[in-house]
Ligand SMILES: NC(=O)c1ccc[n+]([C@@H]2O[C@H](COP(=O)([O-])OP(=O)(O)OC[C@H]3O[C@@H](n4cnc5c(N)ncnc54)[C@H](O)[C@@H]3O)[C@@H](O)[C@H]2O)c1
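First, one chain by itself in structure tokens, the form predicted on its own.
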């Protein structure tokens, strides 16, 4: 077992330890066993995750008085109100109490759903995040955001409910298909653009090894991305200001996901296209050095993204207007100014967005 990195996120609800590295789940077993000892425990997980990794929880779960596995769909299908309602009903009929424990065991969608369910159940019960995808480890599991989707937009219903602990075991990533690794690494790249030129350069120099999914190689990149997010979240825990920077690439990215029914692109792939578009906007407005823009576009190009499906420009504009990140004053954009520096820009006219978006949808890597 390699060394485990332990980080800490301070927030209004307390302090969340985050353990990162190959073998982190085994290393945390004594703490986890003490946390669930004598309690009723609900494990929220897709069938496939339990099949692949369920044995790694078995020894820890033996300390529980009662345990119930609550099966949910994988991916965005988990983040529906009907799924949350079913979980609440099952938890009540199984004897769930205010001091029961909930474990999110799966990808980012499972973590978002589980945190939302735990935060609302009996006005809030403790839960543990054990993210099993790279995307969830570097993004969704950290920061306390929870939520479900509505047909009109992604993550439009939710609350802030921080986990008791996050265990980001990179050994769990070994079963992921290559596109899932690529999707997660895009969120790592996002943090490099936002806050760490060193992390961005690490990706440039070692992208192929990281894309191969080696748990030891991924661990330091995961820890660096999480630390960058922690630094921002601690300064703005409820997304009133600076934390909105973490939405780099998500304004258009979420709109693409919604327009395409969450099927044609993985989340990280949609964010990659959204980041390319934000880079193009910044370049067109004279706010970004062309050399840096070329580095960002060149690195994203090496991810070998699936082709951007056809989607109507006007549909995207309408979806973005409904986005949860929008304010009464309009939609803000997160634009890079350099590596390690981004800004929130709120004065971009819809006509300017349209002028840039139409050619972008034809060829995202030109211009």
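Numbering follows the first chain given and starts at 1. For the two forms, the rigid core is made up of the largest set of C-alpha atoms that agree within 1.5 Å on superposition. All figures in this text were calculated on a predicted structure; none of them were measured in a lab.
Just so it is clear, the following notes concern the form predicted together with this ligand, a form of the same protein that is not shown.
J.: Counting only non-hydrogen atoms and a 4.5 Å threshold, tell me whether 75, 108 and 132 all contact this ligand in the predicted complex.
T.: Every residue of the spot touches this ligand in the predicted complex.
J.: Could you tell me which stretch in 193 to 201, 108 to 116, 210 to 218, 288 to 296 has residues with non-hydrogen atoms within 4.5 Å of this ligand in the predicted complex?
T.: Only one stretch qualifies here: 108 to 116.
J.: Does any part of residue 224 reach within 4.5 Å of this ligand in the predicted complex? Heavy atoms only, please.
T.: Output for residue 224 is no: heavy atoms all beyond 4.5 Å of this ligand.
J.: With the cut-off set at 4.5 Å between non-hydrogen atoms, does residue 44 touch this ligand in the predicted complex?
T.: Contact check for residue 44: no, nothing within 4.5 Å of this ligand in the predicted complex.
J.: Please run the contact check for residue 53 against this ligand in the predicted complex: heavy atoms, 4.5 angstroms, yes or no?
T.: Close contact exists here: in the predicted complex, residue 53 approaches this ligand to within 4.5 Å, heavy atoms only.
J.: I'd like to know whether residue 175 contacts this ligand in the predicted complex, with contact meaning heavy atoms within 4.5 angstroms.
T.: Taking the distances in the predicted complex, the answer for residue 175 is yes, it comes within 4.5 Å of this ligand.
J.: Pick from 162, 182, 79, 280: which residue has any heavy atom within 4.5 angstroms of this ligand in the predicted complex?
T.: Of 162, 182, 79, 280, the residue with a heavy atom within 4.5 Å of this ligand in the predicted complex is 79.
J.: Looking at 140, 128, 87, 188, which is the one with a non-hydrogen atom within 4.5 Å of this ligand in the predicted complex?
T.: Comparing distances to this ligand in the predicted complex, the residue within 4.5 Å is 140.
J.: If we check this ligand in the predicted complex, which of the residues in 226 to 248 reach within 4.5 angstroms of it by a non-hydrogen atom?
T.: Contacting residue: only 229.
J.: Taking 2 Å as the cut-off, check whether the CA of residue 254 shifts that much or more between this form and the one not shown after a rigid core fit.
T.: Yes.
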